[in-house]
Structure formats: C-alpha cells, structure tokens
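Quick setup: one chain, the form predicted on its own, written in structure tokens, and binding and motion questions come after.
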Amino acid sequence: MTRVGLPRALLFHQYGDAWKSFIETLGLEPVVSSTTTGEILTSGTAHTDNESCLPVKVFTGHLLKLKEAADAILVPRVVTQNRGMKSCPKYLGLPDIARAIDHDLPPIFAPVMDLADRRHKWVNDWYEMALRFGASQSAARAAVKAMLASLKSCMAPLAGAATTDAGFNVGVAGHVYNLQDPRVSMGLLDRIRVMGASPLVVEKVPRRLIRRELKTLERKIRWDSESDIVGAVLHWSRSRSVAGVIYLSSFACGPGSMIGALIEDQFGREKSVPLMSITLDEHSGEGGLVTRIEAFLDMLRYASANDPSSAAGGAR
C-alpha cells in the first residue's frame, strides 16, 4: 500500500480530514506527522532561511519528519478559500518550497484547491492525481466525492473551540494553525480557560457577521484568513461580546503584521475594548507568555468588576 504523507502544519489543521478522506477512499495509507515538538521546530528552523515565518518553519520540520515514513507527500496548493479573496502567498508557493528544501524527499504532489470556485473545476487536479496513484476512473471520482463531502464538516467550527462557563469572554484571534498547534501557541486557549476566562475564536463567528463588519472598512482586505480575523475582531469589539481581545501573530508574517496594525488603529479610534498583541517565534518561552496572559486577564477582571457596562460573562 502506498503511504501518502501529510505534514501536520498550516492548513492541515483546517482541511486535514478532507485530505485524509481522499487518500483513504483510494485505498492508500495516510501518514500524518506527529504533533509539533521542540525537535520538529528546531529542524524546520535549521532548514529554512531567517526570513521565513514561523508557520513555514513548523511546516518544514513536519515535512522532513515524513522523509522516511512516506512514499509520497501531499502538499496542496491552496489558491483561495472565500470568494473575492486570495490566500497568503506562502500557501501558493508551498509545494515549490517543499521541493526545494530537500531533493531527497519523496515525490511532492501538489493539487490545486480553489474553494471560491463553486463549480469545483479545481477537483480535476485531484482526479488526475488519483489516476497517477494507479486508481481507476471510478475510484478517482469516488475519492473526489468523499473529499468534497468531508470539506463541509472541515468548514464547521473546530473541535475544542467552544466557550466555557467561565467568568468573562476573551476574544482570541489568530491563524488557525497557530492557535490549534499546542506547541506553537503553548496551549494558549487552555491556559485562558484555566485562568478563569472563556476564549472565543474566529471560527465561531458566522460569516455573515464577518462580512458585515468588513464592509465598514475604507479598504478591502484581500487575504482569506486575515479578512476573517479582522471581521471577527470588529464584531467582538463593536458588539461588546468580549471583555478584551488577544491577537496572536507570528514573527515575519507579512499579512499578520499588517492586519495587526489595522486592528490597533481601529480599536484606538473607536475607543474599543482592551487589546493585547502577542508575536510568536521559535524562541518564544512559556514563562513570558503566562505572565502576560495573567496580567491581561487580571486587568480585564478588574475592569469588569468596576464597570457594569463592560462585557462579562457573554454578550449583552
């Protein structure tokens, strides 16, 4: 049985189940790299240039882990996720980056994903790839159908993103692959819960509310994930459904730094809820993160206790 590797990084955290469904329907074995470790991060950092963002370094470490474990590696080229938007350039160039990292890697398969195309013309790439794996035409069609069906559930809110019954809500905004990777985020969501607050994440905000807030901006944000982050943050702040917002970004992320500045400017002009920005890199340590989170939540807790109009315990 052919083993097809899947790096547990970047958009695998969002579409990984759909990719595995495609592989399994073909009768192949999906091999997913382990959860991120310090060794994986160190290896990825050593094999990428200094200008690469943290998520690409994490991806590289996972890719190298699959070198001996897989006969082929799947690295989809994600063009767009929403209509009228474009993906970050790193998604578009990821297969090329993967092939350049180590010439001894197994073959890299890079079918296109263009989720804004409602006619699903992009699945032709996946169909052709299935034939290259030796599948019959009927098996290839079945695999494509299984992937499309799985994508519907992949687009639903992520497991573990639900709120708790904690004392007050805190919006936590950032790319899904940073927040959902316990090593990269250092367990940020769980730490917030343990400290007595309830984290709200971008994936829980309905698209209609995100689109409504984005229409109020003078300029349109053209990146998929970043537009979702900004729309969700503006919804939280303007509806006062959170006591404060934590924005998590990664060092050397161009789009992330730009929307971070936009959010700070918007919050300042609207005299919105408190905002704390956290930038992660491969050197980030737990001690500093925990101290900052504790101080921020203590401030929000104090403000909530002394201002009856503040957001506490849920939306007003």
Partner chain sequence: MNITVPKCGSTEYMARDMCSRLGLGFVQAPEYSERTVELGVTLSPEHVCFPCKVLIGSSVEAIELGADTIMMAAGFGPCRFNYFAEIMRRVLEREGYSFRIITFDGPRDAPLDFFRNVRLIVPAANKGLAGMARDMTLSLRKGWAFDEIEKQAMAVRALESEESATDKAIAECLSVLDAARTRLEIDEAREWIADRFARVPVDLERPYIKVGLVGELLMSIEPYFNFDVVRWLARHGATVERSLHMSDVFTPLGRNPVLGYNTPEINKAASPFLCHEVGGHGHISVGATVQFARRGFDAIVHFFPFTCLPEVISKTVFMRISNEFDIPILSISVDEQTGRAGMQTRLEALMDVAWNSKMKHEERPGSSPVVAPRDRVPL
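The model shown is predicted, which means the values in this text are computed figures rather than measured ones. Residue numbers count along the first chain shown, from 1.
Only in words, not in the display: the form predicted together with its partner chain, which the text now covers.
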Distance check, Arg222 to its partner chain in the model of the complex, heavy atom within 4.5 Å = yes
| query | Any of the heavy atoms of Gly134 lying within 4.5 Å of its partner chain in the model of the complex? | reply | no
ask   = Might Gln266 be said to contact its partner chain in the model of the complex, defining contact as any heavy atom within 4.5 Å?
value = yes
Note to self: Whether Ala110 contacts its partner chain in the model of the complex should be assessed with a 4.5 Å heavy atom distance threshold; does it?
What the structure shows: yes
Checked Ser284, Thr37, Thr45, Ser257 for heavy atoms within 4.5 Å of its partner chain in the model of the complex; positive is Ser257
The listed residue (Gly196, Pro206, Pro182, Gly93) that reaches within 4.5 Å of its partner chain in the model of the complex by any heavy atom is Gly93
For the three residues Leu6, Glu68 and Ala142, verify that every one has a non-hydrogen atom within 4.5 Å of its partner chain in the model of the complex; reply yes or no.
-> no
Within 4.5 Å of its partner chain in the model of the complex by heavy atoms, the stretch out of 145-153, 71-79, 184-192, 169-177 is 71-79
Restricting to 226-254, the residues within 4.5 Å of its partner chain in the model of the complex through any heavy atom are Phe251, Ala252, Cys253, Gly254
